[in-house]
Structure formats: structure tokens, C-alpha cells
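Here you get one chain, nothing else, as C-alpha cells; it is the form predicted alone.
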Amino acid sequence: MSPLKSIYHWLNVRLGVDELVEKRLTGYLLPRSINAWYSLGSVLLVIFGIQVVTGILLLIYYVPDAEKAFKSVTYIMNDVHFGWLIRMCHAVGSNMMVAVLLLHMLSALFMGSHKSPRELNWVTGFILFNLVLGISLTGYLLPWSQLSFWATTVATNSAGAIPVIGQYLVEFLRGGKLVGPHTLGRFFAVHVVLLPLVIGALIGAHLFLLERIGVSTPPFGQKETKSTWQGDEFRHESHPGGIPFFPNYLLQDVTSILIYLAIFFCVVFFSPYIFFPPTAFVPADPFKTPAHIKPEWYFLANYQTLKVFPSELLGLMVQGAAMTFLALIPFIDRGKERHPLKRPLFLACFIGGIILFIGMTIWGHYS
């Protein structure tokens, strides 16, 4: 017996590797009609891994101090070997993580994957989406540039429109009345420690729910696979006659990951400053307000909504109602039908919502 086989046999005796492979890989069957959209979850895991690795590498040289933060980022970009690459991968990755997460959630909605019995899958995914927005917002301040300083000032100001507790909430977020060194310290701790741990735990919970209840069958495509879930009792939705995860669907996962990486590195190498306006390269100056400060693209719709309504409080209430509706949509949309073409009201709202979001984003960009 070769050394590798001996090691494998030793591990198999103690861990039951053969059983794990059979149960989780070759014997784990998926619907025959499963499509490439289902692989976006695997893409997001890769993105999160890249963000963690690049973030740790940036921490080696980054200094979370108001007097030194911008200089440390400049040092990383100009003097550290491949520092520019690490920083660009982290910055571009945060934007693309939000984009892929949006696509993942939209595909789940479109195919009815949020419906019973997968309400908890949707809720944990929705919370993850908001946490990703939160970690992107807290990381935005860390370079301590004019853009990050004043964008954070505008973002935290919005909380002041909340009655009674608004001003206290603003001071809690900032660590004082104004954005300053205490704000940087708070955002750094939340960005580097708190949110990554919470996101990692929720990813684990999301994957547990996915494995526990089983992969949902797409509402269109091949019909060879028959779901075994029925009634109000717990059932793991197995797919007898389906395709094995390994190697069949793993190839689709790898393909989607490689396509993402190709797009990702094209942006990093050929258009890395698409997410960096000129004010991102100027050190923060609390006494000089830039003429035009706007948030990242994924907050532009929110930004424009606040401008549309005469009262900032009303704008926040509308956004809060919309987010609450999205969070509770599995409990509101309780019909059994999942095919989008057989749900005309849903399809109209789905397309209308996308058009509204894109329209408000473009309006916010040019306003």
C-alpha cells in the first residue's frame, strides 16, 4: 500500500471519510433542473474568503489612527510590494460582493426559493445582506479620506431624523457629536472584529438550513426530479433520480467562480478606480466640505429617496417599510405556486422593483 493510501486508510478508520464522501458529495443529489443561478452562493463564499484574506493582509500595515490612517493607506498603495493589489482587491471585492449578493437574492425570489418551508433561509440571507451593507459602510471610513469622512458624516446624520432617540443614536455611532478619531476607532472595531464574526456565524447558520431542509427544485426546466417534501411535518427535500453534487454540480460551481474571478480581476487590473472618485485620494479635512459627496452605488437609491421626500423622517420610514416588507415576504407570499409566469402580480412587482431601484440609483448618481 502506497504512503498516500495508508494515510487515507488511517483517516478513513477514524473519520469515516468514505461515508462522508458518499453522504455529502457523490451521494448528495440535486434536482436535474438545477441551474447556474444556484452557484451564486458558492461564489459569495469565495468572495467572503478573499475579503477576509485581503483584510488581514491590510491590517499588517494599516494604522487605525486619525493622524496616521490616510498615510498608512498611501504607504500600502505606493511602497508595500503588491500593496496596491491587495487594497484594490479588498475595495473592489466589497462592491462586487454586494452586487453578487443582490443577484443571489433576486434569483431566489424569482424562482420562489423563499417560500415554505424555507422562510428561515430567506430571513438569514436577508440579515446577511444588511450585515454586508454594514461592513461595507464601516470599512468606507477607514482610509480617512475626504470622501470617507464626509460620506460617513452624511450617513450618520440620517439617524438624527429619528424622533426622540435620533440625536443619541448619532452620538452613539460617532462616539461624539462629530465624526472624529472616536468614530474611526468604533468603525474599525466593528469592521474588523464584530461584523466578520457575526457574518461568519450567520453564513454557517444559512448553510446549515440549506443542508437541513434540502435544495429547492427550480420551478421550470426538466421535470425528472420529484420533491419528497409534503405537508406540515419536517422533511428533508431529497431528489431521487437527481444529479450528484460531486462531480456534476461542483463543475458548475467552479465555472461560476472562475467567471466571477475573471470579471473581478478585469476590474482590478484595467479599471480599478471605477469605485474611487477623486475625493477618495485626498486626506480628510473636517474644515473643508467637498462640493459633491455621494455614497457608494448600492446606497444611491436610499440617498435619492431621502432627497425626494420633503421630510427626511418620511424618507426613512418609507425605506424602513420597504425593507420590512422584503424581510417578511416569505410570510406574505404564501401561495404554493412558484413559477414566475404563473404569478403575474409577483412578476409585475418584481420587475417594477428592479426598475425602481435602478432608476433611483441612476437619479441619485446624476442629481
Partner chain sequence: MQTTSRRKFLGICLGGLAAAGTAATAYPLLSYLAPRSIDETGGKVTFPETEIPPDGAKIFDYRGTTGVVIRKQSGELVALSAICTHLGCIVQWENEKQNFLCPCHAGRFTPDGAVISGPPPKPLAKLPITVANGVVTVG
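Residue numbers count along the first chain shown, from 1. Keep in mind that what you see is a predicted model, and the values were worked out from it rather than measured.
There is another form of this protein, the form predicted together with the partner chain, and it is not shown here; the text below is about that form.
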query = Is V100 close to the partner chain in the model of the complex, meaning a heavy atom pair under 4.5 Å apart or at it?
reply = no
task = Evaluate M88 for contact with the partner chain in the model of the complex, applying a 4.5 angstroms cut-off between non-hydrogen atoms, and reply yes or no.
result = no
inquiry  = Check L57 for me: does it contact the partner chain in the model of the complex (non-hydrogen atoms, 4.5 angstroms)?
reply    = yes
key: the partner chain contact in the model of the complex: F172, any heavy atom under 4.5 Å   = no
request  = Please name which of the stretches 74-82, 152-160, 187-195, 125-133 has residues with heavy atoms lying within 4.5 Å of the partner chain in the model of the complex.
outcome  = 74-82
request  = Quick one: from Y298, Y61, W37, F309, grab the residue that has a heavy atom within 4.5 Å of the partner chain in the model of the complex.
outcome  = Y61
